[in-house]
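One chain follows as structure tokens, the form predicted alone.
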Amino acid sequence: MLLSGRKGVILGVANKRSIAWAIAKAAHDHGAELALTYANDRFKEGVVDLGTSLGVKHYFPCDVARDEEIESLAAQLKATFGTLDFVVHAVAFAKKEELAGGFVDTSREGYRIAQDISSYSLTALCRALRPLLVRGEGGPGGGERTSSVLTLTYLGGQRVVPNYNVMGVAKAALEASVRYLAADLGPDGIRVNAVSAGPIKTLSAAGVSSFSTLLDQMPERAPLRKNVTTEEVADASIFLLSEMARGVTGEVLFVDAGFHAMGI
């Protein structure tokens, strides 16, 4: 088991179809002890119901748009775990009306919200949890042990995807943040990476009006001639969270059946 004895927190579990939930299940199967967060009381019951099925005991509120809640999360995680081995940031949001029409029509407030929640929150989270992320002995072959921060992105951060609009620009900022954070936190033995998943039918994807077209195109155009599953994304994520990826940081790993490599 790749995460045996490791402790981590996962932000962004929404329902049983979410990528964050697939990562939580895979991390549990690989031996990790987990804490899950929920944005507010409206989501708490659903997150707890899912986590209970894995035996998760620790649940904390965290609205990533509020610095005080991120600081509170850090304090509660320190009291619960002492230290952390990994953090999964699977949080993104844009106003539905910003995901229609052209990007040029993006409102100032819509731009601010998308950047704040989808991109800046990763930096705020890393800053608050940095003291908890461990570094030391216990790595493979007696080497140094690293810790890992992982976020989720999408091809729309590098190429224009119809109706992805302001979220694409936020994902571009998120991917740049991964590189800058990797440089800042690397001396502490903290690795920062992203997984860029292909289109998957999740709650957040439902807000993109052209989403069904993207799903239909994947089996026709991707090299593997298929859509990807949350389980495939989760397996790649476990690799990045584990010491198997101890030499990998500042990376965007595509899990999209090879679609990103095509010129179409």
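For every residue, the number given is its place in the sequence shown, counted from 1. Here the structure is a predicted model, which means the values were calculated and not measured.
FYI, the form predicted together with a small molecule isn't displayed, but the following is about it.
Novice: Among the candidate stretches 124-132, 103-111, 72-80, 190-198, which one is within 4.5 Å of the small molecule in the predicted bound form when only heavy atoms are counted?
Specialist: Selected range: 190-198.
Novice: Going by a heavy atom distance of 4.5 Å, is residue 14 a contact of the small molecule in the predicted bound form?
Specialist: Because a heavy atom of residue 14 falls inside 4.5 Å of the small molecule in the predicted bound form, the answer is yes.
Novice: In the predicted bound form, is there a heavy atom of the small molecule that lies within 4.5 Å of any heavy atom of residue 36, even though the partner is absent here?
Specialist: Close contact is absent here: in the predicted bound form, residue 36 is far from the small molecule, nothing within 4.5 Å, heavy atoms only.
Novice: Give a yes or no for residue 43: in the predicted bound form, does one of its heavy atoms lie within 4.5 Å of a heavy atom belonging to the small molecule?
Specialist: Yes, residue 43 lies within 4.5 Å of the small molecule in the predicted bound form.
Novice: Evaluate residue 146 for contact with the small molecule in the predicted bound form, applying a 4.5 angstroms cut-off between non-hydrogen atoms, and reply yes or no.
Specialist: Residue-level check for residue 146: no, no contact with the small molecule.
Novice: Go through 65, 48, 54, 224 and name the one with a heavy atom inside 4.5 Å of the small molecule in the predicted bound form.
Specialist: After the contact test, the surviving option is 65.
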